[in-house]
Structures are given as structure tokens and as C-alpha cells.
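To begin, one chain is listed below as C-alpha cells, in the form predicted on its own.
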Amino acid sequence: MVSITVQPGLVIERVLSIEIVRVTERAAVSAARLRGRGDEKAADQAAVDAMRRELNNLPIDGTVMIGEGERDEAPMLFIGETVGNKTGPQVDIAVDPLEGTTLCAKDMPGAIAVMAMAEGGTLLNAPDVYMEKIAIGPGYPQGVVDLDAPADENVRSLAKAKGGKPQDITALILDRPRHADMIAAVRKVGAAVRLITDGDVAGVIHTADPKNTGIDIYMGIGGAPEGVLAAAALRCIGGQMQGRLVLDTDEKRARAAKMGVKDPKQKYSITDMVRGDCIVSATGVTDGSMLRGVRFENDRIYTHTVVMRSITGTVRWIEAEHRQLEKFHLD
């Protein structure tokens, strides 16, 4: 067991940055065993089970603020569930054990296992609803894009800040009918659109490294839990993001109010969604532009993980070779 000593003003110890890597590695390996099998539920459940087991081994007193759903909808890792062995600091947890369930089921690029850990009481307690989102990478003036501005205006503004033309901008947007007008507006102004079928946590993270990913801006409506996870990642590696919960029914507004949302129309910044120090870990399940997927070779398993911490701005890329396969076979 790892012993954690909490110093004043230092809630998340450096050792936890490595500990949470094991959590996403186990979830990714468990999901990867079901790649291409066409069973989204089975792959997701395998990742959830593995992540939950590993979380409960950590020296933390954690509460799931962003999970697989709310208590009545998710048997494990539901919003409000407590995790950890209760021997360490109080922390907030955000998880997506398998982001891109369809991608995994079809063995398509971009599925990941991802989680964030933050100081207790600092993560937005978002209900499992949709969220409007816009995100760009670091190096731009504050306010260069805005959630309430038209898509074409945001593209023009970003291109100007980048020192180029709209033709130099590539926007990443979820391929959904609700985004048809947005996609048309972005293309009309001259920018390119890369459509994705799933995986908008990774999509937002892509904006932080446009030289390698080719993505300058993310925009559109996706899941609110994924929005908070993405905000945690950008808090670590830099960038701008805004989000607004889509509370378009009385039932959703009531759920949000119960979880502490006072203004249903609030526009959240990164620091509204993640107010304290956080660490984020993501492990590839299938190959993608950011992370390689899990590889099974004879008596070895290979994983590829990125782990980030906000207080230091450190980003570690971890290529791991796992030899104690009996532990992974338990997943």
C-alpha cells in the first residue's frame, strides 16, 4: 500500500499521477479484449469493472462527480459513488472508462480509457446531459472565440489570431444531424471540417496540439461528462474552452438543480468546470492520432498512455510493457 502524506496546499501528490495510469491501463486492456466484436455494452462494462477495481485500490477518499450515469442508470461508477481505500486525500473523480464505445466495438480509431482526479469539491458536478462546447489550443488571446458567436465568426476570428485565413483552419465536429448547419457554415467560410463519429474528449484534446493533430478548433454539442473531462485535460496542457449545459426539459433542469446547478444558462469556462489542481490519464484502446491502442503479443501486453498534471503543466507519455498477465486476465 502506498502511503500518502498531505502537505498544506498540496492535495494531489505526485505519486498519484502514476497511480491513475494503472487505472486507465487496466480499463483499456479490458476493453481492448473486445475490440471489433460489435458489442458496445460488453466492452463498456469490461472497462467499467476494471476501472472500478483499480480505483478502489488507490490511497484516496474519492467521490465520482462525472461517471457512467446517475445512480438509477449505472450499476457502477455512477455519479456520487465513493471510491478508493479511504486512506488518502479527499478527491473528485471524473471517469469515462471507454470513451468511444462504438469505435471499440467496430475496431475503429480513437477509443480511449480516460479519467481525471481533482482536489475535493473542485469539479463541476454535471448531470448526464448534453453540453454545447467550443475549444481551441493554447497561445491565443482570451476571448478569441466564444460559444455564443456564430460558427463562421469564430473561424474568422481564430484565423486572424493565428495570422492566416479561414482556409488555414480545420474544425473538428461530431458527425450528427444536429450539426448540419454548423458544418455548412464552417465550410462556407472556407475552413475544413473533420467529422468524428464518437470520442469528443480526445477531440477537444486534439486542439492543444494542432501541429500533430491538424485540429485548430472543436465545436458542437456532446456529452456534459465528456466536456468536464476535456476541460480537465486542457487545464493541464493549455487552451481555452467554454461549455453550456443543454437543459431543454423540466426534468433535466430539475436534475441539474438537484446537483447544484443554479443558473441553467451559465456559460462555463475551464476554471468553472475544474477549479483546482487536477491530473488526467488517458490510455489508448484502439489506435488513434493521439494514442496507440493496446497490443497483445504472445506473453506481453503493450499500452500507450498520456498523463497530465495542471499544477506543473507536466505531460508524460508512457509506453508500458506488462508481463504479469495473470493480473490482467482477472479483468
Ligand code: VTB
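All residue numbers are counted from 1 along the displayed sequence. Predicted, not measured: the structure shown is a model, and the values here were computed from it.
Note that the form predicted in complex with the ligand isn't included here; everything after this is about it.
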Tell me, which of P166, G220, G223, G88 has a heavy atom within 4.5 angstroms of the ligand in the model of the complex?
-> G223
Position in contact with the ligand when the complex is considered in the model of the complex, options R176, R255, R187, R156, heavy atoms within 4.5 Å = R176
Okay, which stretch from 117-125, 241-249, 77-85, 94-102 lines the ligand in the model of the complex, with non-hydrogen atoms inside 4.5 Å?
-> 94-102
Counting only non-hydrogen atoms and a 4.5 angstroms cut-off, does D216 reach the ligand in the model of the complex?
-> no
Answer for D198 alone: is it within 4.5 Å of the ligand in the model of the complex, judged on heavy atom distances?
-> yes
Please run the contact check for Y130 against the ligand in the model of the complex: heavy atoms, 4.5 angstroms, yes or no?
-> yes
